[in-house]
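Before any questions on binding or motion, here is one chain by itself as structure tokens, the form predicted on its own.
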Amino acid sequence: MAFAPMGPEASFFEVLDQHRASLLAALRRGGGEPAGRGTRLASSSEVLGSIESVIQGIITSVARNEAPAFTIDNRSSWENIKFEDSVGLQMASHCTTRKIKSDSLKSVKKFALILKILSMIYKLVQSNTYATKRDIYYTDSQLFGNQTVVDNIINDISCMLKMPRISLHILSTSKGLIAGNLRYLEEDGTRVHCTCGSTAVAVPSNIQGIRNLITDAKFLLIVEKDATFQRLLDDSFCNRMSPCIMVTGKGVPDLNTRLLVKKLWDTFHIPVFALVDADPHGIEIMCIYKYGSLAMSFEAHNLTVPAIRWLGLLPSDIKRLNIPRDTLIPLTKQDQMKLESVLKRPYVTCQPFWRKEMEIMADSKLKAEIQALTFLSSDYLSRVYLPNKLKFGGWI
């Protein structure tokens, strides 16, 4: 299969190929990824049965003259999270719960909204149709109040039923973009051919439905910000580093972008790198791709890619490249609090090189955006920084 190769000589990728070989060896030893490649999707009958069981519980409570309530795992506490280097952040098997009561003024509305959305999910699954979270919100926008209410309830239902969102026939609107050496078929049979040109393709809204993925990419680069992603495309980075794939979630990644990165890793097992700002916010975004988030820890097996490596911008690079101090930005109090929070997270223990980089940032009290590299030259990122990092193994 040919993707019109325009990239460097084969020798350029020697260190990358060695890195991939070590990743594959770790997988064979069973230390790099749990068997099964994520949680099995529930069948329609299983989803319907679970919802019926919840409703039966409500009917039983009413029959006993008891106020019905939903019991949901508490996803906002680190005490309920366990960490495994091969999976990331996931819900502990025995965790604290919270009750959404029907006889409490504080929670009765949420109880009613959960019931309403459960009813909608039941109809979607029963009819084998799908809806976006936005669709659900607009069925009664005045009742729901805002989109965040709907998003949180859907996550609560997914957690309560112990089923991934796609099994509930609920899709998210994608905001991410993808470019590079990749082809696939969407669920409706549409052929998608991503290119290395200046135009990217939107991340599909139903990642589970895409099939026949084809690539000869040597690596996948996750780019934190859309502006950086577009600049790399404009600088023909994809062409010059071909074969490769680039993805951006445009900041904090949406579910579909995370699902896509996970699917690409599960399918091809090519090295995956993150390019983020040298600031606490960028580091946290990289950690979401790699180890997951507190809010979505109940679906970690479907979302995390622990094989991700930090390519840049490293705080140590700032000093190494002699980037002037006046192009750097002082850490705000909020930045310092975020950095302290990340340093306390369980995954930092198994990433001593990451800890060292974050300590460099904490000591300097300075952060840097990727754009700081333009001080060296306007295309330094695409022509020098990234190629050298990829050629000589400059990741951690």
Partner chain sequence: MEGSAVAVCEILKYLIIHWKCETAGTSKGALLEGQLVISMEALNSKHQENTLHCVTTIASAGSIYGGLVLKKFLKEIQSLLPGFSAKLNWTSEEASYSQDISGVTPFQMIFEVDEKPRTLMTDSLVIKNFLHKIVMVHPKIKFNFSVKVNGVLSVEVFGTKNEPTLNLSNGIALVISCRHYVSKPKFATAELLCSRIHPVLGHPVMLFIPDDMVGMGLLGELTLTPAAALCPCPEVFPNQLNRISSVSIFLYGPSGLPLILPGQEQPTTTVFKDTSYFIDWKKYHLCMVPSLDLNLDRDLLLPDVSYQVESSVGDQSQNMDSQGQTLLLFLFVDFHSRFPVQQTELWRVHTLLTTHLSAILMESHSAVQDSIQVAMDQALEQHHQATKDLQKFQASLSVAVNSIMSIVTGSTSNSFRKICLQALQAVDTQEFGTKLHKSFHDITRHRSLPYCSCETKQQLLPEENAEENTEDVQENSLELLAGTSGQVENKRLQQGLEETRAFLSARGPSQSEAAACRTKPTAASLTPSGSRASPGGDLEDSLWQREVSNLSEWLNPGPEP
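Numbering follows the first chain given and starts at 1. As the structure is a computational prediction, the values presented were derived from the model and not from experiment.
This protein has a second form, the form predicted in complex with the partner chain, left out of what is shown; the following refers to that one.
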Is there a non-hydrogen atom of Asn212 within 4.5 angstroms of a non-hydrogen atom of the partner chain in the predicted complex?
no
In the predicted complex, does Ser141 have a heavy atom within 4.5 Å of the partner chain?
no
Decide whether Asp188 counts as a contact residue for the partner chain in the predicted complex under a heavy atom distance cut-off of 4.5 Å.
no
Would you please decide whether Ser102 lies within 4.5 angstroms of the partner chain in the predicted complex, comparing each non-hydrogen atom pair?
yes
Using a 4.5 Å heavy atom cut-off, which residue among Met361, Ala42, Ile51, Ile370 comes into contact with the partner chain in the predicted complex?
Ile51
Which residue among Ala67, Leu343, Ile329, Cys350 has a heavy atom within 4.5 angstroms of the partner chain in the predicted complex?
Ala67
Which of 56-64, 333-341, 352-360, 22-30 sits within 4.5 Å of the partner chain in the predicted complex, heavy atom basis:
56-64
Suppose contact means a heavy atom within 4.5 Å; in the predicted complex, does that hold for all of Lys109, Ser119 and Gln126 with the partner chain?
yes
